[in-house]
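Presented as structure tokens, the chain that follows is alone, the form predicted alone.
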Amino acid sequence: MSDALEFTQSEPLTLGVELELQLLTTRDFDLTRGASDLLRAMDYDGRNGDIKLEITESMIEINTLARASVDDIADDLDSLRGVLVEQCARNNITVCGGGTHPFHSWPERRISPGERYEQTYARYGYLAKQFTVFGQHIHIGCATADDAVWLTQALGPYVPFFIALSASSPYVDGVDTYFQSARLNAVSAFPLSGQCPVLADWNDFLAHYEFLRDCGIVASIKDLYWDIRPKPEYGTVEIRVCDTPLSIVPAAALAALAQCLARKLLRERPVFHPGRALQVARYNKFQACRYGFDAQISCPEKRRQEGLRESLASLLDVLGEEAKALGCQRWLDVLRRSLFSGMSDADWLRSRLTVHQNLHDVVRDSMDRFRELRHPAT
């Protein structure tokens, strides 16, 4: 086995959150090429995490520190949001959430400086610029490499829930796509996107990775665009399917769901059949992207379809014990209110277009929503 990938042990169930955000002009709220200039001028000491480039200059990413509690994740996100809003104002630009920009033109995007970004552009061509989409990634700490490989697969059937709860990308190229989350269609264009294959343990993962590497398909773990993947250098499992929400509260709430779900799965170790789950995973992912809470998802164990809304409500109910132990029930309640109101971020964006009749003002409202300081009800 190669020693190129070594799993760094981390504290179980610790969390980290990454948010990819949109940089906008203050003139018409289109995307702007401001990331490098923004970072060069930034006055920030890193106390709550990192702010860094993403693949194009119209994107900026904030990363929290590794934290044990969702409350601390929320504090980091709030602090990073405040720093970014203030620094953007000094540079005559602004920032917002959302999984896609509703009307930007992808050929106008500029690849960020850096060897990896340049290699990605050289390898994937126009797909790299079309990858100007915005997601939330959630890291969950694992005690062992085998736990990480097991959890990567055990979380797979829950991907549709994370998609529906975070959906905030109904518009692409100025058009309503009729999807709740159109962002993932851009991700799916990459050859190593999709689901993790069936893997027995860490050694099996290494063998699979080495096979891909020897065949010239991957050069690093970052070349695996799986929906959920192990992240060996951090000692985590990374959930990658969420759109970036329009504000930081749902972002923290999604981290709470990931933490509670991981605790339950690792504690109970339910028997599941990853091969069967893979047979319906692509269909269920499409359903969640297209219909959100109204999706019908296929259950391979029961050989039938079930409403995503009802299945998600049941899951939030059974996670009560985990939420109590982790001190994050109020964050799960944020998701519960969204589910029962039937108002996702995608629905909110459509409601703003009904009011304004133009997407420029919809983006302006999104910007205002991201700037607001919001807390869940206690």
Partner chain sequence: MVDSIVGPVRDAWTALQGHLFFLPPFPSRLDTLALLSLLLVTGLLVAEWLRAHWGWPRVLGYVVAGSVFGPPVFGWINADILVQIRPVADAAHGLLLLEAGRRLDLRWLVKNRDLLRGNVSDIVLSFLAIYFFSYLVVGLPPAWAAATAAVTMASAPAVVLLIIEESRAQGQVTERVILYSSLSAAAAFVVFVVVLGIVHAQQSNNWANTLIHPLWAGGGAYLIGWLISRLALLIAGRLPKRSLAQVFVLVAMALLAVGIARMLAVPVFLTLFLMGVILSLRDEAKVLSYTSLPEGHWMLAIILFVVVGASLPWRDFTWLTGLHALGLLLVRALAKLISLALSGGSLPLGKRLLVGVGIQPLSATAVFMAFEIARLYPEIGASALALAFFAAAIMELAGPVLCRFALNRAGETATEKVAPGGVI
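Positions refer to the first chain, counted from 1. In this text, all values refer to a predicted model and were calculated from it rather than measured experimentally.
As for the form predicted together with the partner chain, it is not shown, yet the points below apply to it.
The listed set Glu310, Asp45, Asp317, Asp28 contains one residue whose heavy atoms approach the partner chain in the predicted complex to within 4.5 Å, identified as Asp28. Of the residues Arg123, Arg110, Arg213, Arg282, just one reaches the partner chain in the predicted complex with a heavy atom at 4.5 Å or closer; this is Arg110. Residues of just one listed stretch (181-189, 86-94, 194-202, 161-169) have heavy atoms within 4.5 Å of the partner chain in the predicted complex: 86-94. Three-residue candidate spot Arg33, Asp37 and His360; every residue lies within 4.5 angstroms of the partner chain in the predicted complex by at least one non-hydrogen atom. Arg364 belongs to the set of residues with a heavy atom inside 4.5 Å of the partner chain in the predicted complex.
The shortest heavy atom separation between Lys129 and the partner chain in the predicted complex is within 4.5 Å.
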